[in-house]
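The chain below stands alone and is given in structure tokens; this is the form predicted alone.
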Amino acid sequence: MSSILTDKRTATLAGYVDDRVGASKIVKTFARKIFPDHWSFMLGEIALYTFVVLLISGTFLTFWYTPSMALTTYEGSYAPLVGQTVSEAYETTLNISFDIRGGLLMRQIHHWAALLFVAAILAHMARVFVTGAFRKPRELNWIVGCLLAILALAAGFTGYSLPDDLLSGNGLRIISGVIQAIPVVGTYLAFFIFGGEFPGEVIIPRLFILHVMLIPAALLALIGVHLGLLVLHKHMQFPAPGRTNTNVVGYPVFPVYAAKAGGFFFIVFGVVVLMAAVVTINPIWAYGPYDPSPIGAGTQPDWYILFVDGALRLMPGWLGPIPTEFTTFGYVWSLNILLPGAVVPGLMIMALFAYPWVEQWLSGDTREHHLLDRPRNKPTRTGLGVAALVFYVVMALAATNDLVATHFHISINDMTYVLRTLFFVGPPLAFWVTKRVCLGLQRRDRDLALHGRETGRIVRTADGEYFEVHEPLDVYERWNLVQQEADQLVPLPTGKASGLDKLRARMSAFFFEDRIEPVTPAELEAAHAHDDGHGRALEGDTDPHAVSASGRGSETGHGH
């Protein structure tokens, strides 16, 4: 009887809510939402799930952490530091690690989740970039993703600085130097941020407010916008038979996708906990409290900030006959800090934000796209992505030059000269190699589509002709090799033309001139007719563009 009454009350409450907010329509619409299935889409899910882990573990840590730079005497459980003068921030972080049950595990869960959060966002953005998922109508979602990546870096750095240990203090010293290198206003800006001469007494409380309130709130808002735009525009999908710009082939949210996503969340959570339980990270007790006078050798920031540290180490004191630090009009211009510490990251961020519109301008393609590109079919774009990766890796290696030199017994100066050379030579070389590889793969795909797979079996005909028997491709496999569209170049303007139009034509040629034309239906038919004439018929041939999908859900229309 009580269960019946409970059910009635629940139904009454549900009806009350539904009458006022239309919850049933929202749930019904979302439950029927179709999502495509591909392993690379899990990169975005990893970012989302690690963010949830960060919120849970961060909430735990705030209960015992004190964001204060006031000095105190440490009297905790870690004997080597007992009696030393430390900040309250450092003391409470040590207490969390040694005196709070589960505190060290939760600290390490938080730190590992932060590293995976940034890594997943950047990997997700790399997938979006090489597959062209940023094209119309998703340019704004690309901007949201870039903002999320920047905020993730900011969240990581502000959290990394909170323990007030020697390692994080050195990082803040570098940031202070970069800020002071800004011409004219740098010194005043640094005084404002640090509340006086470095390190001041307010930077830790200010970073704490940023880390636990402002940045998480902004991340939550942008994640909501990102997911809302995803639902509005439909999820992009990889090309396959039956998948078009007007439908989505995959699984509904309920029950299939919800069950898979829920299980994947616990897998991610379990992996993070396992890493935190067996791999030590950021042992602040080994570094000691921050003191502006000493600096430790072999101290590197977390991996996502390595490129800034590396750029600073690569910057020479002279650019040919010109010094990179000089005084003009009473102001010191520290280009050796400003260029690598602020200009290089700024140019990288600007390039990320602008790329969708640059490619659209160079291709002249303003259509909506709901199918992803195979990276090999866009060799220039893929080459640029690999070049950017090499650019980062070179700077990251430079940030570890002292460790590499001591561990492998090589000259740190020689290593610096080599990395300076690779800073300029490595990205163009990586671009050229990647582009050649992509074009070679396209040629291979074209040959497979026209003639099938080589078997290595040689046959002799009655009139003495020899040929190799080719194995026919599965019709679905062949479809993936012929579905892409040919890139169109912006033609060189004739007659009088502006310099901008000429630049557009030249850059369009750089992007799209080197390409392999996709197989046309006429070429496919001619190739199979030629094979038939030589006794090499490819069985099971049908029009690859006429194959339909089956066995999965599908939703149509651009607005779903």
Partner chain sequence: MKALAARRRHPLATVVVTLMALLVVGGAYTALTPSKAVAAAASTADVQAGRELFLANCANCHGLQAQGTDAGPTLIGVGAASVDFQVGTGRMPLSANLPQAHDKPVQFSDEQISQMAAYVAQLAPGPAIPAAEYQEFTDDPERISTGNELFRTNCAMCHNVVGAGGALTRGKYAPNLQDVSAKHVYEAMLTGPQSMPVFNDANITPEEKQDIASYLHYVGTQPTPGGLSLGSLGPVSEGLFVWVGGILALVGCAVWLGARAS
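Every value quoted in this text rests on a predicted model; they were computed, and no experiment measured them. Positions refer to the first chain, counted from 1.
What comes next is about the form predicted in complex with its partner chain, which does not appear here.
Please state whether all three residues T158, E325 and K496 have a non-hydrogen atom within 4.5 angstroms of its partner chain in the predicted bound form.
Not a single listed residue reaches its partner chain in the predicted bound form, so no.
Among V459, I267, I349, V225, which has at least one heavy atom within 4.5 Å of its partner chain in the predicted bound form?
None of the other options qualify; the answer is I267.
Which residue, Y476, Y78, W333, F353, is the contact with its partner chain in the predicted bound form, using a 4.5 Å heavy atom cutoff?
Only one listed residue qualifies here, and that residue is Y78.
Within 4.5 angstroms, counting heavy atoms, which one of the listed stretches 109-117, 448-456, 334-342, 430-438 is next to its partner chain in the predicted bound form?
Result of the contact check: 109-117.
Taking the shortest heavy atom distance, is R444 within 4.5 Å of its partner chain in the predicted bound form?
Contact with its partner chain, no.
Report yes if any heavy atom of M42 sits within 4.5 Å of a heavy atom of its partner chain in the predicted bound form; otherwise report no.
Close contact exists here: in the predicted bound form, M42 approaches its partner chain to within 4.5 Å, heavy atoms only.
Would you classify K260 as touching its partner chain in the predicted bound form, given a 4.5 Å non-hydrogen atom cut-off?
Close contact exists here: in the predicted bound form, K260 approaches its partner chain to within 4.5 Å, heavy atoms only.
Going by a heavy atom distance of 4.5 Å, is A181 a contact of its partner chain in the predicted bound form?
No.
With the partner left out here, which residues of 388-405 have a non-hydrogen atom within 4.5 Å of its partner chain in the predicted bound form?
Contacts from 388-405: T400, D402, L403, A405.
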